[in-house]
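Shown here is one chain on its own, the form predicted on its own, set out as structure tokens.
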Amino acid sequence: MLSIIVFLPLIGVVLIAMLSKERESAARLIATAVAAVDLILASLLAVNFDVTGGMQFIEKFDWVSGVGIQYYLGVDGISLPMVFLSALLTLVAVVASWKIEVKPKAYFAMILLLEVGMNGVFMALDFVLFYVFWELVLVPMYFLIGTWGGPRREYAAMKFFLYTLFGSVFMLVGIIALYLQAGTFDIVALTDAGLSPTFQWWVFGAFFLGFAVKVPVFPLHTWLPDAHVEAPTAASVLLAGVLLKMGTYGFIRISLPILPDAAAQWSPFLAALAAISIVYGAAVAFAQTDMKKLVAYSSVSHMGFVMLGIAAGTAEGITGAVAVMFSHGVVTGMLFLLVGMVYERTHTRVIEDVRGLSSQVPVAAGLMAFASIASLGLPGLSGFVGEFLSLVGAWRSDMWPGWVIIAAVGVLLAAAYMLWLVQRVVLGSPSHAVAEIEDLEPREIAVLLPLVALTLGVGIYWDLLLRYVDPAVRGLTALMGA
């Protein structure tokens, strides 16, 4: 089942590659069908998942037996929501790109290839396999930004690639060090390797650089705004919705259970960076005049809450971190879609130039207001669940309470800049750019409705998500000795 979910999009890539130039418009149909089937399979995975169990649907056999490399896949309550999110946002990205006209074959092939890497990262339980999927993600995202992006697309694509490759090199050093010390690439087996605290400290540092660039954590975040601003809408949705989560997933899946002593030693540093990221991202978001850049910097702030929960190391903190990862993917994906839809109609993302949407395009304006309010963490919507638990978990941990208080200030700042965005874009008299535009099409509404439903569902009924996450996190914290 897991192998099918991972590699089905690769079959779609092959089918698209076989299309003749005269039939390249069929690429969107193939991509939609493949992404839809993958989402159905991911949903079946969730339905058949035993929430009381550990790793499930395991597929394991020797790959390179001479050095102990295995083809090893599995999911638990932490990785399952990420797999579902990856499948959902891929389908959303494909349908949202239905009107793409420039090289549609290559475009949809890159999105499906990206899904292969994203799904693989969240399922791989062998370090070499994990690293292969981790690096695979870089290639299609590089081309999506560099080929279909904005005026500075080459610069943004190269910056994204170099930053993330820089982090990956250090992660590879950490993987090799673990193998030389423990003699295995098995991520699950390494949780019981009995590594010395000093060795753990250095390896944690190597993994920190690999994962922190991807999150991204301040001050390693500077590639993110450029990548988002220049990326096409679908690439921004997948970048914010899934790729950023790969970094924090790495901390939870690898750094915490395999290097628990080092995690405790690094915790004050992680907490400080998390608090700085939360406040810095929110403060810089205030200064933005471009809607897409504002949402990009808000991602830096929101991912800070994930890092705060990870730094706490408590069950509530880590559960909150996973909940923020899921909610952020849904809500920020919705925001980037709406910004892209407005841009397609007005050809501008400048906030002052698109004011007064409610009087001209009430459906788009209403959904923009909903997504903005969800992003600021209003109780009753999914954004509140994870941030609340992260703060509770951080307060109950041994970290300095000041970092928690600073993070709480970030919640207030998020409310301020998102409501200010709503006031300037949704309300008021319509600007010249929006005076003649049309409201959302049925296809665009259909793309957004599943994200709206998930935002409401998780926000009202927390157990919809936490029933998967909490038992897995309890097992993780027991493994850490917390």
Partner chain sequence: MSGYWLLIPEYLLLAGALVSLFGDLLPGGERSSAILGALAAFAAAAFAGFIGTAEPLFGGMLVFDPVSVFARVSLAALTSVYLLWSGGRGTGSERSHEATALVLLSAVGGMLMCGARDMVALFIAIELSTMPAYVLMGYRRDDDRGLEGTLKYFLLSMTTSLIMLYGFSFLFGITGVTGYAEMDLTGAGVLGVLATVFVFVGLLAKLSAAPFHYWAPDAYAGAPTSSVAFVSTVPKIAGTVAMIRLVEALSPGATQLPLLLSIVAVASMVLGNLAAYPQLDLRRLMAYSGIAHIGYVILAMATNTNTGLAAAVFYMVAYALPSMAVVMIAAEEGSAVEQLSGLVDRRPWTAWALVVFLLSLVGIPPMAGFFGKLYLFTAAFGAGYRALVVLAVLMSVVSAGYYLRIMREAFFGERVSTPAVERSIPATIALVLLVVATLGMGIAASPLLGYLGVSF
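Source: prediction; values computed, not measured. Positions refer to the first chain, counted from 1.
One more form of this protein, predicted in complex with the partner chain, exists but is not displayed; see below.
Contact label in the predicted bound form: Val173 to the partner chain, heavy atom within 4.5 Å = Yes - in the predicted bound form, heavy atoms of Val173 and the partner chain come within 4.5 Å of each other.
Contact of Val64 with the partner chain in the predicted bound form (heavy atom, 4.5 Å) | Output for Val64 is yes: heavy atoms within 4.5 Å of the partner chain.
Residue contact check: Arg153 to the partner chain in the predicted bound form, 4.5 Å heavy atom | Flag for Arg153 set to yes.
Is there any non-hydrogen atom of Gln265 lying within 4.5 Å of the partner chain in the predicted bound form?
-> Residue-level check for Gln265: no, no contact with the partner chain.
Looking at Ala193, Val350, Val95, Met158, which has any heavy atom no more than 4.5 Å from the partner chain in the predicted bound form?
-> That would be Met158.
State the residue from Val139, Val279, Val392, Ala182 whose non-hydrogen atoms include one within 4.5 Å of the partner chain in the predicted bound form.
-> In short, Val139.
With the partner removed from view, which of 81-89, 250-258, 100-108, 227-235 is the stretch that lies within 4.5 Å of the partner chain in the predicted bound form, judged by heavy atom distances?
-> That would be stretch 100-108.
At 4.5 angstroms, heavy atoms only, are Leu29, Leu41 and Ile187 all close to the partner chain in the predicted bound form?
-> Zero of three within 4.5 Å in the predicted bound form.
Heavy atom within 4.5 Å of the partner chain in the predicted bound form - qualifying residues of 1-30 = Contacts from 1-30: just Ala17.
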